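Heads up, what comes next is one protein chain in two forms, each shown on its own as C-alpha cells, labelled structure 1 and structure 2.
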Structure 1
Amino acid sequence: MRGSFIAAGASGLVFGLGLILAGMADPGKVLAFLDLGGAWDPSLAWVMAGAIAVGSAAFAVARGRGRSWLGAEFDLPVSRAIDRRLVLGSLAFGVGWGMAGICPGPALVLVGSGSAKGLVFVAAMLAGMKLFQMLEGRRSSKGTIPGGNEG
C-alpha cells in the first residue's frame, strides 16, 4: 500500500510539473488557445496531442492487464455510449474551462501556488461535485439507473 502512495505522489508531481512547464497552469495562455477568432496560441494543441498519445498507450497496456504494476485492480470504463448526460457534462466542462481558463488539473497546481483564482475554482468545482452527488442520490432513490440512457 505504501508503494501505491509513493507512486501516486510521484505521478502527481510529474503531472503538475508538466502542467507548469507546458503553460497549462496559466489561465491567460489557456484562454489564448481557446481564442480561435483572435490572437490564437496553438501551442497547447501539442501538449494535448502528447497527452492523448501517452494516455492511449497507457490504456492499451492497462486493457491487457488485470492489475497495475503495484498490484491494484483497474477500474476502467466499459460503456462506449454517447448519451445526453455525457454530452451535457462535456459541454459544462468546456464552458467552465473557457470562462475561467482553468481545468481541474491546473487548478490544483494553482492552489499549490497559493493563487486566489485557483482556490475559488477548486471550491466551486468541489461544490459542483457535491451537488452532482446529491442529485445522483435523489435520482437513484427514484429508481432510475445512474449513467442510464433514459433521456
Structure 2
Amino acid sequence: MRGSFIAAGASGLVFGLGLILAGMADPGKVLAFLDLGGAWDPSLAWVMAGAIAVGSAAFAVARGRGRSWLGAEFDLPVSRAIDRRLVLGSLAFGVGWGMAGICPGPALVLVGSGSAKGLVFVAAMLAGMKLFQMLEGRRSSKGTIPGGNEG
C-alpha cells in the first residue's frame, strides 16, 4: 500500500517535471502549437513523440505480465465504443483547451507554481467535473461512471 503511494507520488512529480522541461507548463507555447494560422511552434508534437515512444514500451511490458510489480491487477480501459459521449466530450475539451491553452496536467503545475489564473482554471475545472458527477454518477447503482476509464 505504502509502495503504491510512493510510486504514484513519484510518477506525478516526474510527469510535472517533464511538462515543465517540455515547455508545456506554458500555455503560450501550447497555443503556439494550436495556432496553425500564425507562427507555428511544432514543439508539442515532439512532446507527444517522446511520451508515446516510452509509453508504448511500457504498455508492451505490461501486456507480457499478468500483474503489476506490486501485484496489482492492471486497471486498463475495456470500452471500445466510439460513442457520442466520447466525441462530444472531446469536442468540448478541445474548445476549452484552445481558449486557454491549458489542459488538466499543466493546470495543476500552474497551481503549484502559484499562478492565480491557473487556480481559477482549476477551480472551474473541478466544478465541471463535479457537475459531470452529479449528472452521470447516479446513473449507475454502484456510483461508477459508464463508458471508458482512459483517464
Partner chain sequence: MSIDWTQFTPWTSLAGGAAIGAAVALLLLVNGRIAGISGIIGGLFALRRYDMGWRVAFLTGLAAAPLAWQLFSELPPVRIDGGYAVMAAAGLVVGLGTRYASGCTSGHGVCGLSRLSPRSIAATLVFMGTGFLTVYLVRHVLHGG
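Residue numbering: structure 1 sequence, from 1. Not measured: the values here are computed from a predicted model. Here, rigid core means the biggest group of C-alpha atoms that superpose within 1.5 Å across both forms.
ask   = Where is the form predicted in complex with the partner chain shown, in structure 1 or in structure 2?
value = Only structure 2 matches the form predicted in complex with the partner chain.
query = Once you line up the core, how about Ala45: does its CA shift reach 2 Å between the two structures?
reply = False for Ala45: its C-alpha shift is below 2 Å.
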